[in-house]
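Have a look below at one chain only, the form predicted on its own, in C-alpha coordinates format.
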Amino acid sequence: MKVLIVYTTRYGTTERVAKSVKKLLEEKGHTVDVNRVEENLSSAGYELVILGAPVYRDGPHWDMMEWIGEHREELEDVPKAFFLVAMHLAGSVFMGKLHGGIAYAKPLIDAFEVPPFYGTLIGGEIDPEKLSDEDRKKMRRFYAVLGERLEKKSLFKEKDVKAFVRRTLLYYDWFGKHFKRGELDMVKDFDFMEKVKEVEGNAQG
(Lines give C-alpha, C1' and ligand atoms only; values in the text may rest on other atoms or scores of the structure.)
Protein backbone atom coordinates (compact mmCIF):
# COMPACT_ATOMS: atom_id res chain seq x y z
CA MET A 1 0.00 0.00 0.00
CA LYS A 2 1.18 3.50 -0.83
CA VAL A 3 0.83 5.79 2.20
CA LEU A 4 1.29 9.54 2.62
CA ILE A 5 1.92 10.99 6.06
CA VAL A 6 1.35 14.73 6.23
CA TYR A 7 2.18 16.53 9.46
CA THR A 8 2.97 19.82 11.09
CA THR A 9 5.04 20.24 14.20
CA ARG A 10 5.91 23.06 16.57
CA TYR A 11 8.60 21.68 18.84
CA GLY A 12 9.32 18.31 17.28
CA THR A 13 7.17 15.69 19.02
CA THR A 14 4.69 15.35 16.16
CA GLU A 15 7.57 14.94 13.73
CA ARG A 16 8.96 12.20 15.97
CA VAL A 17 5.61 10.40 15.87
CA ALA A 18 5.33 10.81 12.09
CA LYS A 19 8.76 9.28 11.53
CA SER A 20 7.99 6.42 13.92
CA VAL A 21 4.75 5.71 12.04
CA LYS A 22 6.67 5.69 8.75
CA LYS A 23 9.23 3.21 10.12
CA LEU A 24 6.56 0.87 11.49
CA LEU A 25 4.59 0.93 8.24
CA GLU A 26 7.69 0.27 6.17
CA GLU A 27 8.54 -2.69 8.39
CA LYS A 28 5.18 -4.12 7.35
CA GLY A 29 6.03 -3.72 3.67
CA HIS A 30 4.22 -0.49 2.83
CA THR A 31 5.63 2.38 0.75
CA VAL A 32 5.54 5.57 2.80
CA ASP A 33 6.21 9.24 2.03
CA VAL A 34 6.42 11.75 4.89
CA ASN A 35 5.95 15.46 4.26
CA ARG A 36 5.35 18.56 6.30
CA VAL A 37 2.31 20.63 5.36
CA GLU A 38 4.66 23.42 4.27
CA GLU A 39 5.74 21.25 1.34
CA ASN A 40 2.11 21.39 0.13
CA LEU A 41 2.23 17.94 -1.45
CA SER A 42 -0.85 16.58 -3.21
CA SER A 43 -2.49 13.45 -1.82
CA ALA A 44 -3.38 12.18 -5.29
CA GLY A 45 -2.19 8.65 -6.04
CA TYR A 46 -2.03 7.44 -2.43
CA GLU A 47 -4.16 4.65 -0.97
CA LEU A 48 -4.06 6.04 2.56
CA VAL A 49 -3.33 9.49 3.97
CA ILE A 50 -2.35 9.90 7.62
CA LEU A 51 -2.64 13.39 9.10
CA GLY A 52 -0.58 14.36 12.15
CA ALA A 53 -0.69 17.57 14.16
CA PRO A 54 -0.11 18.95 17.63
CA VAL A 55 -3.06 20.40 19.50
CA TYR A 56 -3.23 24.17 19.95
CA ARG A 57 -6.21 26.28 21.02
CA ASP A 58 -8.45 23.25 21.56
CA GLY A 59 -7.90 21.81 18.08
CA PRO A 60 -5.38 20.63 15.48
CA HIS A 61 -2.66 23.18 14.71
CA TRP A 62 -3.92 25.79 12.24
CA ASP A 63 -1.25 24.89 9.65
CA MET A 64 -2.83 21.44 9.34
CA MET A 65 -6.32 22.88 9.08
CA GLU A 66 -5.18 25.28 6.35
CA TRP A 67 -3.58 22.44 4.39
CA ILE A 68 -6.78 20.40 4.69
CA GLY A 69 -8.74 23.38 3.42
CA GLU A 70 -6.50 23.66 0.37
CA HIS A 71 -6.62 19.94 -0.43
CA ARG A 72 -10.05 18.92 0.85
CA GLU A 73 -11.53 17.99 -2.52
CA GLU A 74 -8.82 15.47 -3.36
CA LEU A 75 -8.75 14.20 0.24
CA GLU A 76 -12.41 13.19 -0.04
CA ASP A 77 -11.31 10.57 -2.59
CA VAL A 78 -8.79 8.79 -0.34
CA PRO A 79 -9.16 7.02 3.03
CA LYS A 80 -7.77 9.09 5.92
CA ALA A 81 -6.58 8.44 9.45
CA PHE A 82 -5.07 10.88 11.93
CA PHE A 83 -3.15 11.29 15.15
CA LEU A 84 -3.09 14.37 17.32
CA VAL A 85 -0.34 15.02 19.84
CA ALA A 86 -1.63 16.50 23.09
CA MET A 87 -0.97 16.96 26.79
CA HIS A 88 -4.62 16.68 27.89
CA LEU A 89 -5.54 13.16 26.85
CA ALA A 90 -8.39 12.29 29.19
CA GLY A 91 -10.55 15.32 28.45
CA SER A 92 -13.15 16.86 30.72
CA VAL A 93 -16.43 18.73 30.79
CA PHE A 94 -16.18 22.44 31.55
CA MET A 95 -19.25 24.66 31.68
CA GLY A 96 -21.28 21.88 30.13
CA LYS A 97 -18.99 21.41 27.11
CA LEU A 98 -16.40 18.80 26.24
CA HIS A 99 -12.80 19.98 26.40
CA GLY A 100 -9.59 18.12 25.75
CA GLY A 101 -9.30 14.46 24.90
CA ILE A 102 -10.66 13.28 21.58
CA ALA A 103 -12.87 16.40 21.43
CA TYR A 104 -9.75 18.13 20.10
CA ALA A 105 -10.31 16.26 16.82
CA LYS A 106 -13.75 17.71 16.08
CA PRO A 107 -12.56 20.51 13.72
CA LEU A 108 -10.56 17.98 11.70
CA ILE A 109 -13.44 15.51 11.46
CA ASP A 110 -15.97 18.24 10.62
CA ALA A 111 -13.73 19.53 7.81
CA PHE A 112 -14.66 16.57 5.59
CA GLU A 113 -17.71 15.21 3.85
CA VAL A 114 -16.07 11.77 4.11
CA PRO A 115 -14.46 11.76 7.57
CA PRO A 116 -11.31 9.92 8.65
CA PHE A 117 -12.07 6.27 9.38
CA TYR A 118 -9.80 6.25 12.45
CA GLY A 119 -7.93 8.65 14.67
CA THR A 120 -6.44 8.89 18.12
CA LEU A 121 -4.47 11.01 20.56
CA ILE A 122 -0.82 10.39 21.35
CA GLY A 123 0.84 11.88 24.39
CA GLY A 124 3.07 14.87 23.80
CA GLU A 125 6.06 16.39 25.52
CA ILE A 126 6.60 19.82 26.96
CA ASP A 127 9.79 21.58 28.00
CA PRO A 128 9.29 25.18 29.20
CA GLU A 129 12.84 26.07 28.19
CA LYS A 130 12.12 25.23 24.54
CA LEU A 131 8.89 27.20 24.33
CA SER A 132 8.70 30.62 22.74
CA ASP A 133 8.00 33.45 25.18
CA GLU A 134 4.43 33.71 23.91
CA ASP A 135 3.77 29.97 24.20
CA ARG A 136 5.34 29.85 27.65
CA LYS A 137 3.01 32.57 28.91
CA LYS A 138 -0.04 30.86 27.41
CA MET A 139 0.90 27.48 28.84
CA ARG A 140 1.53 28.93 32.29
CA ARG A 141 -1.95 30.42 32.26
CA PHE A 142 -3.42 27.13 31.04
CA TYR A 143 -1.75 25.06 33.74
CA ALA A 144 -2.61 27.65 36.38
CA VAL A 145 -6.31 27.18 35.52
CA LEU A 146 -5.80 23.45 36.08
CA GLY A 147 -4.18 24.17 39.42
CA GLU A 148 -0.83 22.85 38.19
CA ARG A 149 2.62 24.24 37.42
CA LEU A 150 4.14 24.40 33.97
CA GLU A 151 7.10 22.04 34.08
CA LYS A 152 8.97 19.62 31.88
CA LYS A 153 6.76 16.61 31.22
CA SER A 154 6.43 13.76 28.74
CA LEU A 155 3.33 11.68 28.03
CA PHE A 156 4.84 10.13 24.91
CA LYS A 157 4.79 6.33 24.76
CA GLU A 158 6.15 4.33 21.83
CA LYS A 159 3.53 1.64 22.50
CA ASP A 160 0.81 4.18 21.67
CA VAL A 161 2.38 4.81 18.27
CA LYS A 162 2.56 1.07 17.63
CA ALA A 163 -1.10 0.72 18.64
CA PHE A 164 -2.05 3.52 16.26
CA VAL A 165 -0.30 1.83 13.33
CA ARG A 166 -1.70 -1.60 14.18
CA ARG A 167 -5.28 -0.34 14.46
CA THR A 168 -5.03 1.90 11.41
CA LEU A 169 -4.00 -1.04 9.23
CA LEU A 170 -6.58 -3.36 10.80
CA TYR A 171 -9.44 -0.91 10.42
CA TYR A 172 -8.32 0.02 6.92
CA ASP A 173 -8.64 -3.63 5.95
CA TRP A 174 -12.01 -4.03 7.70
CA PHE A 175 -13.77 -0.90 6.50
CA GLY A 176 -11.43 2.07 6.12
CA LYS A 177 -10.53 1.40 2.49
CA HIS A 178 -14.12 2.34 1.59
CA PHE A 179 -14.02 5.67 3.46
CA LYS A 180 -13.81 7.72 0.30
CA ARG A 181 -16.25 9.49 -1.95
CA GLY A 182 -18.70 7.13 -3.60
CA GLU A 183 -17.94 4.02 -1.52
CA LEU A 184 -19.31 4.68 1.97
CA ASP A 185 -22.48 2.73 1.21
CA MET A 186 -20.33 -0.40 1.01
CA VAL A 187 -19.74 -0.29 4.78
CA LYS A 188 -22.97 1.30 6.02
CA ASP A 189 -24.03 -2.02 7.57
CA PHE A 190 -20.62 -2.92 9.00
CA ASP A 191 -20.95 -4.44 12.47
CA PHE A 192 -17.80 -4.02 14.53
CA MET A 193 -18.67 -6.58 17.18
CA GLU A 194 -19.64 -9.19 14.58
CA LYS A 195 -16.24 -8.66 12.96
CA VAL A 196 -14.53 -9.12 16.33
CA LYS A 197 -16.42 -12.38 16.86
CA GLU A 198 -15.40 -13.54 13.39
CA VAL A 199 -11.74 -12.79 14.09
CA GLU A 200 -11.92 -14.54 17.47
CA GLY A 201 -13.52 -17.58 15.82
CA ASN A 202 -10.79 -17.75 13.18
CA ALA A 203 -8.11 -17.48 15.86
CA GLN A 204 -9.61 -20.35 17.85
CA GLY A 205 -10.07 -22.47 14.75
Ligand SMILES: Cc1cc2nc3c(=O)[nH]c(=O)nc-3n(C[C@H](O)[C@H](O)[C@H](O)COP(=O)(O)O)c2cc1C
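If you're wondering where the values come from, they're calculated on a predicted model, not measured in any experiment. Note that residue numbering begins at 1 and tracks the sequence as displayed.
Another form exists, predicted in complex with the ligand; not displayed. Remarks below refer to it.
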Check: Thinking of 10, 58 and 125 as the candidate spot, does the ligand come within 4.5 Å of a heavy atom on all of them in the model of the complex?
Finding: yes
Note to self: Using a 4.5 Å heavy atom cut-off, which residue among 105, 111, 131, 78 comes into contact with the ligand in the model of the complex?
What the structure shows: 131
Checklist line | Stretch in contact in the model of the complex with the ligand, which is absent here, among 63-71, 39-47, 164-172, 137-145 (heavy atoms within 4.5 Å) | finding: 137-145
